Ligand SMILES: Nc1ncnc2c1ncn2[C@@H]1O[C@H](COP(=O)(O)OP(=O)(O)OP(=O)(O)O)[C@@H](O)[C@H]1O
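One chain is shown next in structure tokens, namely the form predicted alone.
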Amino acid sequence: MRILGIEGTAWAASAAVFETDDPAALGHGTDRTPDPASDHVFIESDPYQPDSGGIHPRESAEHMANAIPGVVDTALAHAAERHDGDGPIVDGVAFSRGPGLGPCLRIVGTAARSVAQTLDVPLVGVNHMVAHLEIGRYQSGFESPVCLNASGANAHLLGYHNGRYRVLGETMDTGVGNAIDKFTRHVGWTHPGGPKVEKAAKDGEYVDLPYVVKGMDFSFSGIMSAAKEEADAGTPVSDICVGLQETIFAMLTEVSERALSLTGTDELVLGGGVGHNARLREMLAEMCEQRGAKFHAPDPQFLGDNAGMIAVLGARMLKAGDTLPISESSVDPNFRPDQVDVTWRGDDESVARAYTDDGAIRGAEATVDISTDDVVKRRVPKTYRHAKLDDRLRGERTKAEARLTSDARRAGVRTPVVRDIDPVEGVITFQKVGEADLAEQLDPDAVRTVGEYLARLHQAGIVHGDPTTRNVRVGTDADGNTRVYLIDFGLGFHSGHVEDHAMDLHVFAQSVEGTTDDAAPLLDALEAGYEEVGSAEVLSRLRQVESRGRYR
């Protein structure tokens, strides 16, 4: 099988040829994955380089219109050289259907339709962000990893479950590359800013900047504003660059570990152009090694926007019969990865793995030892983080968890009793509560109680910060009645703001959608429980938060 791929979502006009001698391995249910050592990939790219500032949509589209014909011709010429003379030179044409800049996508779509019609071969429309994930699966051979997409316009965590790629966490404002570029434009550097920050950071000293993680979601707006203020105040730019890298990449690494902990998987792949940064790859690899997980970053040619990943995923989709009629091949600038019907993977595959308590649990930021009556939680040092940042976070979170766990009990929420705390070493001893995580015993009644508890917290001005199905315990009392307990308040804080309260509900909903087969009745129960006790304004704001995810 030989596939032509065409990519052009924003800045890189690119065409590629992917060829495999074993197309059967592209389907699910086989006992071999495609072998990147023997399968053939050829990529031709012509990137847009703005003279100043960031990407200008009009100039990018003009570049795409001029460059796409050339890269496609080069790729087709390469395919012709490898053709044996029997049939068309490619078996199908795959193109990036979205997300991206509309004018650029339309140019690519027109080129793909033209080639497919000329050669009389099938057309395949590929989601650009899913392609970033699938190229990592292709190269690593991992079964069902969590994927961290870190690119210019995006930053999110994906995992396959129940026929779709689920968004486990994402930026709530801007993509990671764009966030860095906003700072570099502020100090007068040209696009792209990421490589310049990486270079400058080699000569700087760490500067403390805001660190914002909300469950597995995160925000970059505060850190960008603080970085600009530091530059305006005269702080050496190289020092700010160290702070930016250490803070932003630690946030991405932490939420990746949270996704591993939530799903129970031990595989992580990286995608996106920011993945070129050596410090980010180092942090992710160190985190995975520390928790006994496997990590893979694709070859550099597959990290930025490239047609190779479009062609590879296009081959899998073509093998599954997932093609597009010309009349239905319009592009979608807002094409989210969780909107894709995944036809090329098995229904029984999932990022969510079986998870049981064995007396020693490694969570996202701590180890937990469970005895008959007590639970000892140790926030072990995270060696991937800068030492100053790690010390600050461990100390702040340990004290916040002890205080807020007790505050929540006074607000009428079942929590474990805090029996001892050592904030210096990051150790808390709790009363043991429940018999299992909610993730193992999900039912609407228990989830409804979670909704009620979150409402009680919010009435008391408390935000949990990380209410996932792993941070709720369930059990029964002596009379056989179900008891629900909220645990792990380490990301919590005091706030009466409706936005913070809505984010609590959003974080819990994401954990349900990413790991369960039938999320709808559970989410209905969550909101029903919240509505009974809490504010309708929070539920209204939740709708806004849900629509705020990147490319919604």
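Residue numbers run from 1 along the displayed sequence. Fair warning: this is a prediction, and the values are worked out from it, not measured in the lab.
Missing here is the form predicted together with the ligand; even so, the following discussion is about that form.
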{"property": "Check all three, L157, L252 and E267, heavy atom within 4.5 Å of the ligand in the predicted complex", "result": "no"}
{"property": "Interface residue in the predicted complex among R473, R385, R137, R316, criterion: non-hydrogen atom within 4.5 angstroms of the ligand", "result": "R473"}
{"property": "Interface residue in the predicted complex among K377, H458, R166, R394, criterion: non-hydrogen atom within 4.5 angstroms of the ligand", "result": "K377"}
{"property": "4.5 Å heavy atom contact, D217 to the ligand in the predicted complex", "result": "no"}
{"property": "4.5 Å heavy atom contact, S261 to the ligand in the predicted complex", "result": "yes"}
{"property": "The ligand contact in the predicted complex: D488, any heavy atom under 4.5 Å", "result": "yes"}
{"property": "4.5 Å heavy atom contact, P103 and the ligand in the predicted complex", "result": "no"}
{"property": "Options 202-210, 118-126, 253-261, 77-85; stretch whose heavy atom lies within 4.5 Å of the ligand in the predicted complex", "result": "253-261"}
{"property": "Contact set, 414-450 vs the ligand in the predicted complex - heavy atom within 4.5 angstroms", "result": "P416, F430, Q431, K432, V433, D437"}
